[in-house]
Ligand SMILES: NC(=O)c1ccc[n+]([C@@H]2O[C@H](COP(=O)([O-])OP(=O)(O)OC[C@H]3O[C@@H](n4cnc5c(N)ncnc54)[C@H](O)[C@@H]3O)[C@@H](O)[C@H]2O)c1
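The chain below stands alone and is given in C-alpha cells; this is the form predicted alone.
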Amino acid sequence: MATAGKVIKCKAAVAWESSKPLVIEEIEVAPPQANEVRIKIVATSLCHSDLYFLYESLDKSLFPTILGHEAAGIVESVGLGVTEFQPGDKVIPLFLLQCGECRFCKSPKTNRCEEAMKRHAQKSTEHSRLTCKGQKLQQFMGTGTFSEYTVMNQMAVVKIDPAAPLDKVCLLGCGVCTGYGAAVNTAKVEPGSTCAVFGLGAVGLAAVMGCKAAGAKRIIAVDINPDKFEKAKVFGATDFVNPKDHNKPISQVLMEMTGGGVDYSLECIGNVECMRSALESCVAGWGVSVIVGWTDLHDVATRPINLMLGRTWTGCLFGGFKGKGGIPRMVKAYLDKKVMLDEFITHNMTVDQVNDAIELLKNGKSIRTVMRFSPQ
C-alpha cells in the first residue's frame, strides 16, 4: 500500500487520565518493525473490561493509553520477518498472544503463553508505535483498537476468512469467545445438564449460547436487570431469576429450583460475592463453577466444605481458546450460522461517539456497541 514504510496520522480515542472522558485526537502510528503488523481497524466494540480499566483499575501509571481490544481489521503493511500475513488480509487482534514455541503454547491444557506473560509484565510503551503530541501512548491489552491504525507483533494477530463481515466478527476478539468458551471449553457442559449463568452482559449471553450449544436442557439466567431476560431467551435461556425478587440467598433459590443445585454455574460479572453464590448454587458431588468475570480488586472466598463435598471451582481467560486456532473456528461457526453474533449488537456508532457508548454500557443500556472510524 502507498502508506507502507511511512508514519500514518490518524484518529484515535485517547484515555489521558483515569475516570475521565476519552478525547478524540490525531495520533501518529509508526511503521511496523521486525515481526510486527500494522492493521487498519475497520470495526471495534466496547467491552466492559475497557470500562473496568478506565474507572476501577488501581494502577494509574498505565495512562495515557488507547483502550479497545475487541476488533477486526485489514493488514496495511508488515515488518521484516513477517511471513504469516500480507497486506489486505482480514485479521483479528489478540490480547492473548501466542508465540507457538513455549511449553504453554505447546500444551493443550492452557491458552497461556510465556511471551505474553513477559510482555504483560513490561510497560506497554516498550512495544507501542503510537504517539500523540510527542508522547508515547500505551496500548490497552497490547492492542489499542480505539485507534484507526495499530501495530502489533505477529504473535498477537490471527488471519480470518476473507468472507467474514468485520463489523460482526470483531466481537470474537474478547466477549463472545470468553463466555462461549467458558461453557464449552472450561466447564465442559454436558448434554442434558442444568446450568446457571450469572450476569447477562455480552459474556453472560455468550455463556448461555455455549451452554445451549453443548446440549444443556435447562439454562437459568440470573440478573438484577429483568430487561435482559428477553435477550437471554434468544440465546437459549429457559428460566429467569432476579435476585431482587427473593428474600433468601440466590444460591438457596437455585438449589430449590433444581432439587439440590445446578450441574454447572458460570459467573460472568466480576463480583466476588456472586462468584461465591455461583459456586454454592452447584450440586454437591460433581457441580462445576467457572469464574469468568474479571476483577482484581478483592479476594474471593468460600468455606472449605463447599469444595470438600465435591464441587469444582475454576476459572478461565478468553474462554480457554487459543486465539490462533480458536478464532478462525468461531468465525467459521458464525458463517455456518452455528454461532450468533448479530444478536449481541445493540448499537452502531462512530469512534467519535465513544463516550456515549461508554455511558450506555455503564447504565446497562447496551450489550455491544460496534464503532467505526467513519459512518458506514
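A residue's number is simply how far along the shown sequence it sits, counting from 1. Everything quoted here is computed from the prediction, not taken from an experiment.
What comes next is about the form predicted together with this ligand, which is not displayed.
The three marked residues, K188, G210 and M340, fail to reach this ligand in the predicted complex, with no heavy atom of any inside 4.5 Å. Here the chain stands alone, but in the predicted complex its contact with this ligand, taken as any heavy atom within 4.5 Å, falls in 309 to 317 among 327 to 335, 309 to 317, 346 to 354, 22 to 30.
When this ligand is considered in the predicted complex, only one residue from A183, C174, C282, A216 comes within 4.5 Å through any heavy atom, namely C174.
Taking a 4.5 Å heavy atom cutoff to this ligand in the predicted complex, the contact residue among I74, M257, C99, I224 is I224. In the predicted complex, this ligand sits within 4.5 Å of a heavy atom of L200. At the 4.5 Å threshold, heavy atoms of G261 stay clear of this ligand in the predicted complex, well away from it. Looking at T178, you'd find a heavy atom of it within 4.5 angstroms of this ligand in the predicted complex.
Put simply, C47 is close to this ligand in the predicted complex: some heavy atom of it is within 4.5 Å.
Using a 4.5 Å cut-off on any heavy atom, the residues of 232 to 269 that reach this ligand in the predicted complex are, in sequence order, P243, C268, I269.
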